[in-house]
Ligand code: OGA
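A single chain comes next, written as structure tokens; it is the form predicted alone.
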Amino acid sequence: MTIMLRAVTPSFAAAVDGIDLSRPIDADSVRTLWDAINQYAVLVFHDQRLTDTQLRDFAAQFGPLEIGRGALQGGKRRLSLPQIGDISNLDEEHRIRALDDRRRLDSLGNRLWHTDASYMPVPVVLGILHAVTVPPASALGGGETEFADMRAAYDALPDKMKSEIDGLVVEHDIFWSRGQIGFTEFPPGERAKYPPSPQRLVRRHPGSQRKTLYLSAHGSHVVGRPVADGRLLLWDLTAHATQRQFVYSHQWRVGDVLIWDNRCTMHRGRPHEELQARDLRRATTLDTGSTLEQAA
């Protein structure tokens, strides 16, 4: 097996050829992909056809897998494997969700720039997303996913700003991010399950050893500062980090698989035709400890 990389930019996002993700891969291939993740942060694989079991088994070679908030809510699910997140506009019977469907409205928070599960005490590492059904292009957009390179964004900050923010801690809260789009209808008891979690604002990526901003729509405020001041700082940093020179926009086609490193990227989904099916499946690997325990 010869894995080939084609860089989108010199240091951010690369297309990967020469590998069939539906088949078992050896330890050398896993190390090669980790090296590519550490360099590029986002990897793109085309023309892959994976069952949910194959997606789960591939992802598990990169770490223990998360069981996400949707799967933990209980009740009937469209997808049988709890380790596979349902990133779709389809309900449990494979019908397109109504525009006022509660789960659809909750999922619209993914259109904000965010880092997956940063509201958890121990956040996640890799997101691995597989496109099963992609809606046709429309005036609303094609459901692209955009990624921001938080390492390059940190590097581009003035030295005085780096010194100002390097030691800061931010409280992350799923209910803050959903509240920004007006969604507040959570199941009873869910707020108690997901209390806010503190995270470093600046992290050192363990693979590349580069410093990186750790921002997310879940980031509510800066610990130890007036809430208003902290939020304005986070909004300014987010505006800086999502300038076009730091962003890769992926236009999905059926069979695409994307891997991204949540420790050094942000991402957001873009609008698409809601009356057409969109079906993506995601596996996510867990980190081993809080960002507060990791070297800055």
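Residue indices: 1-based, along the sequence shown. Nothing here was measured: the structure is a model prediction, and the numbers come from that model.
Keep in mind the form predicted in complex with N-oxalylglycine is missing from the figure; the text below concerns it.
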Considering non-hydrogen atoms and a 4.5 Å limit, does N-oxalylglycine approach Thr133 in the model of the complex? no
Is there a heavy atom of Gly68 no more than 4.5 Å from a heavy atom of N-oxalylglycine in the model of the complex? no
With the partner left out here, check for me: in the model of the complex, does some heavy atom of Arg151 sit within 4.5 Å of N-oxalylglycine? no
Answer for Leu21 alone: is it within 4.5 Å of N-oxalylglycine in the model of the complex, judged on heavy atom distances? no
Pick from 200-208, 108-116, 186-194, 154-162: which stretch has a heavy atom within 4.5 Å of N-oxalylglycine in the model of the complex? 108-116
Looking in the model of the complex, is N-oxalylglycine within 4.5 angstroms of a heavy atom from every one of Leu129, Arg268 and Arg278? yes
Proximity to N-oxalylglycine in the model of the complex, single hit among Thr212, Gln83, Thr145, Ser220 (heavy atom within 4.5 Å): Thr145
